[in-house]
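Take a look at this single chain in structure tokens; it is the form predicted on its own.
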């Protein structure tokens, strides 16, 4: 059963590793020219476009931890309060379905919904006396729109693990809290959240492993020239200079720089987990 995963990782992760050497070489379409050491890194570090993409990456990461990460926790707690099993299962199923839809399809859905001419959102705005808004042409608005799309796509699926953790809380704790006069808010604050604290902590630490990734596909299908200043991230920047402009060495240098940052965060997460877990053991 592990053979397919092992083969997949070997082909796409281990066999390409020697390609890292391109970051220290002058490699073009015509082939290898010469070793240049750290000149590729010096070159990209002097490019404003690179630092713009790097900054945008952190904007999306910050929004991810402020809005996207807590959303499944809140959704799971709210879903757990529903007493009707049929209604609860229906909501859970509907909210999970977007996870299995491709970002290409989701981009098409939201582009249609937010269209200034045919979009339902702008129909509502005009019906209320307003003027159409070109949502996907406003650079400052795009990071928040993307965050909203990400929440819609992943909140139901990500909430599954928290719902499983909630099912493990002893119901007698709630019964005792009700007898003591605790309302729903206090029950959530003093029973529910402490009960799933360990799961939240583990998911938070594990998220560091892919902190710099997961942005290429959604950003690539949603990006347009009008919002490029806030939509360009390192992954799309690597694609542009590597595959579009055929500057393979520079693209490899940017990719290696991104990988080093991810490695630093994984190591930091390992140390962080030792400090916060009850048994003082790392999770990696």
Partner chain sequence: MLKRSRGEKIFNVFNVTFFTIFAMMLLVPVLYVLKQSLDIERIGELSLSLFPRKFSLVFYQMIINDRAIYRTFLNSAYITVVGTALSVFLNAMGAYALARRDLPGNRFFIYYLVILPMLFSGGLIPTYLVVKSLGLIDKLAALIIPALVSGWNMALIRNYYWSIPPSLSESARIDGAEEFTVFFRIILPLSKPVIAAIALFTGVGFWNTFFSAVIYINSPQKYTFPVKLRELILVQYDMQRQFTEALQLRQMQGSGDDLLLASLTQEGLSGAIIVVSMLPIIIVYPYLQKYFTKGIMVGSLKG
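The term rigid core refers to the maximal set of C-alpha atoms that superpose within 1.5 Å between the two forms. This is a predicted model, so every value here is computed, not measured. Numbering follows the first chain given and starts at 1.
Here the subject shifts to the form predicted in complex with its partner chain, a form of this protein not shown in this document.
Wondering, does residue 54 line up within 4.5 Å of its partner chain in the predicted complex on heavy atoms? No.
Its partner chain contact in the predicted complex: residue 205, any heavy atom under 4.5 Å: No.
Do residue 42 and its partner chain come within 4.5 Å of each other in the predicted complex, heavy atoms counted? No, residue 42 stays farther than 4.5 Å from its partner chain in the predicted complex.
Determine whether any heavy atom of residue 27 comes within 4.5 Å of a heavy atom of its partner chain in the predicted complex, and answer yes or no. It does: once its partner chain is placed as it appears in the predicted complex, residue 27 has a heavy atom within 4.5 Å of it.
Any chance all of 13, 220 and 243 sit within 4.5 Å of its partner chain in the predicted complex, going by non-hydrogen atoms? Yes, all three are in contact.
To verify the annotation, which of these, 161, 191, 211, 201, has a non-hydrogen atom within 4.5 Å of its partner chain in the predicted complex? It is 161.
Using heavy atoms only and a 4.5 Å cut-off, determine which of 63, 36, 215, 238 is in contact with its partner chain in the predicted complex. Looking at the other structure, the residue within range turns out to be 238.
Which residues within 59-91 place at least one heavy atom within 4.5 Å of its partner chain in the predicted complex? Residues within 4.5 Å: 75, 78, 79, 81, 82, 83, 87, 89, 91.
Hey, does residue 261 budge by 2 Å or more at the Cα between the shown form and the other one once the core is superposed? After core superposition, the displacement of the residue 261 C-alpha between the shown form and the other one stays below 2 Å, so no.
CA of residue 11, rigid core aligned, shift of 2 Å or more between the shown form and the other one: For residue 11, whose C-alpha is compared between the shown form and the other one after core superposition, the shift is 2 Å or more.
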